[in-house]
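Take a look at this single chain in structure tokens; it is the form predicted on its own.
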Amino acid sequence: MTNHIAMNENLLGIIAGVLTSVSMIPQLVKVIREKNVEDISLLMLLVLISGLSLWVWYGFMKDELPIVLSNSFAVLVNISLLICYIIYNKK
């Protein structure tokens, strides 16, 4: 029974990591297509990238590859969004 619970916890963690990691991809695609970042909050992006980076660090400290991989991917997606923000910001 314990192995079954551990497998369910791992599956839950993997699903959560995948969903979290891909959550900003639609926003990134929209920004790239429209070249418009008016509705993007720079502060939100900076806080999110910081938090995700801390999750990566935590994953390394705990030797948890799913945490490291999912959050590293999310950091890359959000850094891409930040780069678009810098390029397309008209202010």
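Numbers follow the displayed sequence, beginning with 1. Quantities reported herein were computed from a predicted structural model and do not represent experimental measurements.
From this point on, the text means the form predicted in complex with a further copy of the same chain, which you will not see here.
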(message) Taking any heavy atom pair closer than or equal to 4.5 Å as contact, tell me whether S72 reaches a further copy of the same chain in the predicted bound form.
(response) no
(message) Please determine whether V47 contacts a further copy of the same chain in the predicted bound form, using a 4.5 Å cut-off between heavy atoms.
(response) yes
(message) At 4.5 Å between heavy atoms, is V29 in contact with a further copy of the same chain in the predicted bound form?
(response) no
(message) Is it the case that L52, even though its partner is missing from this view, gets within 4.5 Å of a further copy of the same chain in the predicted bound form, heavy atoms only?
(response) yes
(message) Suppose contact means any heavy atom within 4.5 Å; which members of 57 to 88 contact a further copy of the same chain in the predicted bound form?
(response) W57, Y58, M61, K62, E64, P66, I67, S70
